[in-house]
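For reference, the chain that follows is the form predicted on its own, supplied as structure tokens.
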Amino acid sequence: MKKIVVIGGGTGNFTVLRGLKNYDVDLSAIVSMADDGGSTGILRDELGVLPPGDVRQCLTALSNSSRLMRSLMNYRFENGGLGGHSFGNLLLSTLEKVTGSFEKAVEEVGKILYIKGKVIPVTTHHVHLKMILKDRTVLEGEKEVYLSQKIDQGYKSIFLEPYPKANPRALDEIHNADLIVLGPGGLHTSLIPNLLVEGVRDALVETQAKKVFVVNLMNRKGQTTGYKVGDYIKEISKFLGKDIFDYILVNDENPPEQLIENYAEEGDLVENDVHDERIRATALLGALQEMSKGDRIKRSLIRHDSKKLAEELMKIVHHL
């Protein structure tokens, strides 16, 4: 059985894992621990726990339990003292307090959800993402980095504070993998934070696993404005020390023109400017959903299709 390791955070990991869990592979998700927004940020600040949000999404993606249990994990309270919190985040944080270990909490929730595979925090240290822009503005935390509209004007540095050591289990997974998948996901908030953890970069360079980079469908305005595939590879390679990718998975399907126009205030389509044997260009666009009344978050409408993405990744696996 081939071993696939998916590295990232947030909805990107969720999309890849949800598709791959339907295949006969050994799956592991290595998850960023830099999240500090929304419910996760409040729980971190008030309880001193590790961030549960991205881990919860991975657990839900890998779950083979009932639809009811998956819905329960993602249920978000709308009002009262728990307003804004998801049940899954509260469960993970409570179990961390009860067991004294975030990893143990993740393991126990994995049993409850009957997950296929493993979910592993990239580090078990408490860290915060920071970025210093060229104009000397300091962005404190993943949330501020995510919301910034000035990153594409240049930044001096991006780092985790304090500088954390990698979870040994994460390094073992990387070294023993047959295929490693990085992306899709927020370049500066979901992908790069994993590479800033001590030991991860070296493990990715040293491992004999084949590496796939799944390129985002859309750029984020003010952060990756006008980025092409080559820009993503160049930026990631800065933190790896070199370009390590054996395959680059790119979407070549265009959404309806009207949707692209509606999306313009959020970002633009990523164009492919890399033309070598590593490129796997194919239709990866997910089904388009109607925007619910009052919904102004357009970025959720253009997304990868879990099934199509998994099919392309499995074609690579079958040639290993």
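Remember, predicted model here, so these are calculated numbers, not experimental data. Note that residue numbering begins at 1 and tracks the sequence as displayed.
Below: the form predicted in complex with a further copy of the same chain, not depicted.
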{"query": "Listed range touching a further copy of the same chain, judged in the predicted complex by heavy atoms within 4.5 Å, from 77-85, 207-215, 226-234, 158-166", "finding": "77-85"}
{"query": "Among the candidates 176, 99, 153, 137, the residue which, in the predicted complex, approaches a further copy of the same chain to within 4.5 Å (heavy atoms)", "finding": "99"}
{"query": "a further copy of the same chain: the contacting residue among 240, 72, 133, 147 in the predicted complex [heavy atom, 4.5 Å]", "finding": "72"}
{"query": "a further copy of the same chain in the predicted complex reached by all of 122, 172 and 196, non-hydrogen atom within 4.5 Å", "finding": "no"}
{"query": "Partner proximity in the predicted complex: residue 281 to a further copy of the same chain, non-hydrogen atom cutoff 4.5 Å", "finding": "no"}
{"query": "Contact test in the predicted complex: residue 249 vs a further copy of the same chain, heavy atoms, 4.5 Å", "finding": "no"}
{"query": "4.5 angstroms heavy atom contact with a further copy of the same chain in the predicted complex for residue 50", "finding": "no"}
{"query": "Proximity of residue 264 to a further copy of the same chain in the predicted complex, heavy atoms at 4.5 Å", "finding": "no"}
{"query": "Partner contacts in the predicted complex for 26-47 (non-hydrogen atom within 4.5 angstroms of a further copy of the same chain)", "finding": "43, 46, 47"}
